[in-house]
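Taking the form predicted on its own, here's one chain by itself in structure tokens.
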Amino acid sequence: MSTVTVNSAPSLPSGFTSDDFEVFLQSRVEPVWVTQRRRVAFELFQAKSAEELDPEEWKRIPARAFRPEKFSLTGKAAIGFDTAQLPLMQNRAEFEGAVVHVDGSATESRLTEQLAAKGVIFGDLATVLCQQADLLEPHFATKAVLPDTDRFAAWHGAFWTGGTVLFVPKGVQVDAPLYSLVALAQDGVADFSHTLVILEDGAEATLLEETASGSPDIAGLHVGAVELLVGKEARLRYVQLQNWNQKSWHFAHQCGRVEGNGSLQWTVGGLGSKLAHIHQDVHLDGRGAEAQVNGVTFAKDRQCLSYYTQQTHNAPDTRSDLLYKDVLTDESRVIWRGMIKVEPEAQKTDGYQRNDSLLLSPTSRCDAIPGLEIEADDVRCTHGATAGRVDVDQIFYAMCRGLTEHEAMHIIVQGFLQTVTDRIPVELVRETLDKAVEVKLGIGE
């Protein structure tokens, strides 16, 4: 029985039982404290798998077809995965470092000597945890994504495999972007990648992260986590382009924490997967902290993309700005549920969230649910959501000037998304999103 069936209390899926977990631990070479944390997470996974999922959350998510027993961990990466097919990897010369994981195993890890000499650490998480245990132990899964959140967070905490870590010391600025790839190349593989970014006070960096499938025909599972820890007066730009194929299931908990006068710009491109359900949280923990969250989703066929976002203001004079743009066609569905939460001590908060959806077919559907939870009395918090169809007069106008219907639709969609893409400072990312939109619309296939 599926572990995501809301109306029953299921057992653990095959491949992730107690015996499987012990075999998995024997295959790992890692510090004792990592193994101990895994055991705690597995106990939570057992307990939470015996409980029903939150019906309010999962009633909108069509996950009954999910069969976790069809997926398993693999001990090695597939040979011959062509990373050159990916748009961002074609521009690898622009990156000062790259980390590539295929089927949960690191296949590439590099960083320029200049950055390494400044104390920057960028590499495979499992390897760096062994080499820099004292540095990473206080931060790894202790501040942002906690295994007791729900069964998926616990599942990840017990079985995480590959992942990327970026550490930038105090006052160091990384000018050129760094790149991370998480890929699935074999059929039936479950990947539990973990991304950990730590910027000390006054540091600055840009990380571009991409997920991809080796072919459109393989089935995959990704249960991931992202932790972004931004110190005082530090600046982090993090971009994640989720582009799994339409036979992949994607579940993730992602969380950023920003200290005083720090800045986080977080851009999400939700393009792929059969079903994606992501919790994306931002915590503004110090006075003057700010976060800008940009989201672009494009769903087609019978895809379902679900984002639960929360902007939590824990300190005064903090600012958050979230803007999601959704494009839907065929029988696809997008679910967005946003919350701005203001704690009593977070006076002078300025919080904003907005979700706009463009429906390209009468059978697509968007559920947008904004919300506010305010416990301070001197704040400015606003939210909004819109949904609408493409104006046929606009398409007709463009076609009268020599454009095909596909080209006209592309111009309209591009204009709809531009308010988000204009906020992205990396031109390469803007170009990649635009090409992905063309593919979704059937242009250039």
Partner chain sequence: MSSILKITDLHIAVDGKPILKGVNLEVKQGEIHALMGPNGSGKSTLAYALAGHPKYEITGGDIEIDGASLNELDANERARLGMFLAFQYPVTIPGVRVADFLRHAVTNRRDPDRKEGENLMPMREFRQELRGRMNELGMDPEFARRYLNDGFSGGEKKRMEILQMAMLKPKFAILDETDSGLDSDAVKVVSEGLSSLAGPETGVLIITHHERLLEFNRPQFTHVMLAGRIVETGDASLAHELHANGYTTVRERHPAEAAEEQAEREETLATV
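What you see is a predicted model; the values in this text were computed from it and never measured. Positions refer to the first chain, counted from 1.
Below, we refer to the form predicted together with the partner chain, which is not included among the displayed structures.
S.K.: Using a 4.5 Å heavy atom cut-off, which of 57 to 65, 24 to 32, 398 to 406, 42 to 50 contacts the partner chain in the predicted complex?
M.R.: Partner-contacting stretch among the options: 398 to 406.
S.K.: Can you work out whether D378 and the partner chain are in contact in the predicted complex, taking contact to mean some heavy atom pair no more than 4.5 Å apart?
M.R.: Looking in the predicted complex, residue contacts with the partner chain do not include D378, since no heavy atom lies within 4.5 Å.
S.K.: For D19, is any heavy atom within 4.5 Å of the partner chain in the predicted complex, or not?
M.R.: No, no contact at 4.5 Å.
S.K.: Even though the partner isn't displayed, in the predicted complex is H410 close enough to the partner chain, meaning a heavy atom within 4.5 Å?
M.R.: It does: once the partner chain is placed as it appears in the predicted complex, H410 has a heavy atom within 4.5 Å of it.
S.K.: Applying a 4.5 Å heavy atom distance criterion, does G384 contact the partner chain in the predicted complex?
M.R.: Looking in the predicted complex, residue contacts with the partner chain do not include G384, since no heavy atom lies within 4.5 Å.
S.K.: Need the contact residues for 416 to 435: heavy atom within 4.5 Å of the partner chain in the predicted complex, sequence order, or none if there are none.
M.R.: Contacting residues: F416, Q418, D422.
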